[in-house]
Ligand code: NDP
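Next up is one chain by itself, shown in structure tokens, the form predicted on its own.
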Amino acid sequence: MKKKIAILGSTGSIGKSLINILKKDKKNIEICLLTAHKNYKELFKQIQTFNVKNIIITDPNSYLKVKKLLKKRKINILSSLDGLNKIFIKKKIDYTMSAISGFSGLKPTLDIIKYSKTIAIANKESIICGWSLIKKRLKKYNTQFIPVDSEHFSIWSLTNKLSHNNIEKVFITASGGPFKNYPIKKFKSITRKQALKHPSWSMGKKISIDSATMMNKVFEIIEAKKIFNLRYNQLEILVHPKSYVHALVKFNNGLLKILVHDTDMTIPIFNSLYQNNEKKIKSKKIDISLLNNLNLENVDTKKFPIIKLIDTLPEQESLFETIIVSANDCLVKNFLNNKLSFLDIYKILSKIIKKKEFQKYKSIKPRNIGQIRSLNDYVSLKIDTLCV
């Protein structure tokens, strides 16, 4: 029986990686749904390859182009992610990959849980801002959840089926980005081009800047806390330039487990899809010299002060996390548009979150998507006025 699959965000980097995995197993899978925003050419290729019968493309111009390209084909083409209930009306599908970036990925992630036996989530905003809503729906519809980020997938693999009470400490690793060995006195003159040049991973512009500031690790700590039901003092970041070790978990019984794999997102994606399966993936041989020189070290908070934001976070689920995500998104956008310096990202962010009007959100739990969206819009507007 074919494995039924949906991919939300099939033309992004995660979506395309999954598509490449599925190409090698076409006879055993059926793609029930693909979604994209603008990249209709890539989407069209995917439709042709897998004979997909349901697609959603949300950009109006791209939607019209796809309609024209597929006018002679019997394909259900929708222009809104609100149409999931028109596609999935019978049995649950086996696996959904949720890889729509940004806040726009939260609602479809919540909506498709109902129709999925397993959902793999690669959308940071969904987990950071809406985890309490996701967790509730996972439980209601008895849907298995798997995180796809390499660090969180590694923690999940090391702790799967174990209670969080068995865990003493979790360490996630950071490459240190392009500025690990860069002189701190030169940080004032860091350019957009320099910040976009990641030494280990090929990524989009936004995540590359988050890696350069190490904000991505703040987000990953928040995600790990929520996903694995931990306290912030149980989580720590270690700098590991080779990006070979992705997580270390120290258990209460004295054992320490480490998970390593190549710097290739195909590996966690493949394993989220083929759990407990005999399927094989090509990977490099074990690098003994690398294992003998892991060079793990603590984060230099003078260079990367953004890491200190972790100390300001509330232990309980709150809307404060949405403020941090929204403010950072807006500041990074302004940096990429040459409206801010690299150092301004942290300076303005730390000022914003200290304001009384935002501190109150530490004690307010997210109740619905509308609440998260409204706060995101408000914070974005506030930041934009500061950057004019």
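This one's a predicted model, so the numbers in the text were calculated from it and none came from an experiment. Heads up: residue numbers just count along the shown sequence, starting at 1.
There is also a form predicted in complex with this ligand; it is not shown, and the following applies to it.
In the model of the complex, residue 376 stays away from this ligand, with no heavy atom inside 4.5 Å. The shortest heavy atom separation between residue 102 and this ligand in the model of the complex is within 4.5 Å.
The shortest heavy atom separation between residue 362 and this ligand in the model of the complex exceeds 4.5 Å. Within 4.5 Å of some heavy atom of this ligand in the model of the complex lies at least one heavy atom of residue 204. If you check this ligand in the model of the complex, you find no heavy atom from any of 197, 241 and 297 within 4.5 Å. Listed residues 154, 123, 96, 213 were compared with this ligand in the model of the complex; 123 is the one with a heavy atom within 4.5 Å. Note on contacts: among 248, 267, 313, 81, the single residue with a heavy atom within 4.5 Å of this ligand in the model of the complex is 81. The stretch in contact with this ligand in the model of the complex, judged by heavy atoms within 4.5 Å, is 35 to 43, chosen from 66 to 74, 35 to 43, 350 to 358, 336 to 344.
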